[in-house]
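Two forms of the same protein chain are encoded below as structure tokens; each is given separately, as structure 1 and structure 2.
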Structure 1
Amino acid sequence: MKIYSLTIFSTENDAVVNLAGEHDLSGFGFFQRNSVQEFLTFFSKTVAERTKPGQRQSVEENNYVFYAYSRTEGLAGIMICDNEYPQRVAFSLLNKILDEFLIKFPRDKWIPQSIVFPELKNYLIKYQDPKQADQIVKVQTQLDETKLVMNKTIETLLQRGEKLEDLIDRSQEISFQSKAFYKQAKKTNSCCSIS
């Protein structure tokens, strides 16, 4: 599962303006990259135009999925990934990005060319593997691993139980034999004198 691009648009005044965007085009051949990037930006803009504020959408087309989240403050975030990417993680990522963007750049700074938002790139790279990045999924995977480990532990414990029972039997046998040994020694000691 891969993320291909992340873009942020401003949607006020009925004109969608691209504010910041990052792409990961390593899957495409070198000569196609330019055109692919143009396509991606064009499609992102189209989807952003069609997304009403305060709404989340997802569009699927030929193995690519566009996740759109439009906020009422006039920002829209579009994410393009393949169809395996889990939806919940996608939307939580969009949420996070838009929140950070809002904190960092208040409204008056929304001029397309002057925005430098390096975190976008970091997020793009980090969230390529949703299992690691998303909190909920990470916790779930860790819990599953722990459950597996616990099951193995219980199995080991059962084996330990068996061995302990074996030990009990053996120690009991030794106890009996040592007692016999003691009695025998006592017998040879107390009996008639040696001639």
Structure 2
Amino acid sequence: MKIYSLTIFSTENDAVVNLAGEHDLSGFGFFQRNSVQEFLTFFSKTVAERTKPGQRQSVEENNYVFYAYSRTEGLAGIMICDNEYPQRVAFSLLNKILDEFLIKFPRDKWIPQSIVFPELKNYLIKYQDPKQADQIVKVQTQLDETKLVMNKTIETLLQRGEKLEDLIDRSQEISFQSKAFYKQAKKTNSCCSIS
């Protein structure tokens, strides 16, 4: 699971303008990074243009997923990640980023190329592992681990139960054989009694 890009666009006046963005292209070769960033920026802008205000959507392209959230305030957030990244975490991150952006930058301060929003870089780093960043995913992972441990414990208990049943069957068989031996011994001894 990897996040490649977080971008915030202004969607006012039918023109989509890039306000802030951060990219993590460390997984690409040095000479590929520039063209990959151009592709991600172009595709992000295209997805932002096609996302209606108040709508959330995801678009898959090759091994990438573009999560888009367009707010009615004229702001859109785009997150680009691999196709394994959880959708719920992606949309909650976009919502959080856009909320913080609106608080920090009122609409009259949306000047392209002049906005410095370092929180994007922090979120890009923090949310690389959604299990650590999102509490619900973290709890779900812990529940899954606990479930595995419980299944193994129940399985071993069942195996022990089967072994106990075998022991009980054997003890009943031994008990039956010992009773038969006792009766046979009594018969045998009764014919040879010395008085």
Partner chain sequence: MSLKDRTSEFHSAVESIRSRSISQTGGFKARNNLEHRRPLLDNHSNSNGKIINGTNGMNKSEFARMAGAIGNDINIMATKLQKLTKLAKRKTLFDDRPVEISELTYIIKQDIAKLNKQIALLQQYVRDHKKNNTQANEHSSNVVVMLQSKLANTSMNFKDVLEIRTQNMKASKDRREQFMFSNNQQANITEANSPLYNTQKRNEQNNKDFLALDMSTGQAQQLQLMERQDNYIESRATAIESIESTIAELGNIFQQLAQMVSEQRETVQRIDANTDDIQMHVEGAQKELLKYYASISSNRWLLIKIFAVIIFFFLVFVLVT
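When a residue number appears, read it as a position in the sequence of structure 1, where counting begins at 1. C-alpha atoms forming the largest set that superposes within 1.5 Å between two forms make up the rigid core. As the structure is a prediction and not an experimental result, all values here were calculated from the model.
Assignment of forms: the chain in structure 1 is the form predicted in complex with the partner chain, the chain in structure 2 is not.
With a cut-off of 2 Å and the rigid core superposed, E12 has a Cα displacement that falls short of the cut-off between structures 1 and 2. Once both forms are fitted on their core, the CA shift for K126 between structures 1 and 2 remains under 2 Å.
For S175, the Cα deviation between structures 1 and 2 after core superposition amounts to 30.6 Å.
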